[in-house]
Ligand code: IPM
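The form predicted alone is given below as one chain in structure tokens.
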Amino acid sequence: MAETYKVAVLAGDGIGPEITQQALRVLRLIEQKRDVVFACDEVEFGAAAYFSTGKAFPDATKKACDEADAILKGPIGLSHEESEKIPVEERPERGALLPMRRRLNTYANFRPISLPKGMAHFSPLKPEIVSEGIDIMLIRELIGGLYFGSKERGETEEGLRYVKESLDYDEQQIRQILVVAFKESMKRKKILHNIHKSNVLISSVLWNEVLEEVALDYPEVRVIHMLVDAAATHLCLNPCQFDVMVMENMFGDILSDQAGGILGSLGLMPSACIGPDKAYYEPSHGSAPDIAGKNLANPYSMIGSVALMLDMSFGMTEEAKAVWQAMQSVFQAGFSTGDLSSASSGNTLLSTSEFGDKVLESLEGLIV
């Protein structure tokens, strides 16, 4: 009997539905090649869900996520003008994304920053810096810090508007993400860059204290401490020095987007959000409402999120490798998407669906 995996599919907003469609085509091909069934439950999430149901994270979507073995999520969000039509507390990030992270306790965010040698020309960095490619795993704590701390807005006695937001972490939250990072380092080059701001933030002081305790259990891992502002500089000047990077929530949000820049596009950055019982997989980029529905978006990060799901949730490591290889072979064959190249670049530009076609064509020969 075929193994069945329940997958909640949250296509999201903007380009989400069209890139999700290409990702699901990959799952269907793997079903044909392997004794496995992906039972996909497609549900609404984000702005589209709000306009349909009045809630950005409807009860039906919560139920589907609770019952799923894994969750595949597309990008969410709208333009500023469209977002203004939604109450603040129901806007996609506040009303859907952060509540889902809290509900599922997906505290460990894996963001692979990968540009193989054959794709190094997509990077805006000088060829001598990235000629051998880039291979970094950025690990971000995902359910603590400023994004989840208490928030207050008001007016002073003098009539000045003010806000207060707290950056909250306890040692258990810090310890669990650091253990994840050390374990990942043991699988790779055993070099861990700890990104912090302990010269200013007392939260980073505690972070570093806990790291020194956790490090005792991983004596083979070399820890390199680096301030977050220095890390931003070094990602541009010498990204190849990094292997595994670990950091708190907001630092990870900012640096991972910068990492997309050194690759040439956030369209090359999938991610995995892992908790003790559940995981969801999503592109690191936004919903690009300006090109939604035009068949222009690069589906690499969405299909890459499927590869991460196959590996990390379903143990289908070889199939995941084949998906990565299939996607990269399309670019290495001289094809590109609009976010990475212009019409004058010499590359043959592919639409969203054409990229999906090429990936499936390659994958067909890789999974036998």
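Counting begins at 1, following the sequence as shown. All values reported here derive from a predicted model rather than from experimental measurement.
There is another form of the same protein, the form predicted in complex with the named molecule; it is not shown, and what comes next is about it.
The contact residue chosen from Tyr169, Phe251, Tyr147, Phe182 relative to the named molecule in the model of the complex is Tyr147, the criterion being a non-hydrogen atom within 4.5 angstroms. Comment: the named molecule is not present in this chain, but in the model of the complex one of Met137, Leu97, Ala231, Ala272 has a heavy atom within 4.5 Å of it, namely Leu97. This chain is displayed without the named molecule, yet in the model of the complex the stretch 276-284 from 192-200, 150-158, 276-284, 212-220 comes within 4.5 Å of it by heavy atoms. Put simply, Asp243 is far from the named molecule in the model of the complex: not one heavy atom of it is within 4.5 Å. The named molecule is not shown here, but in the model of the complex it comes within 4.5 Å of a heavy atom of Glu93. Contact annotation for 104-139: a single residue, Arg111, has a non-hydrogen atom within 4.5 angstroms of the named molecule in the model of the complex.
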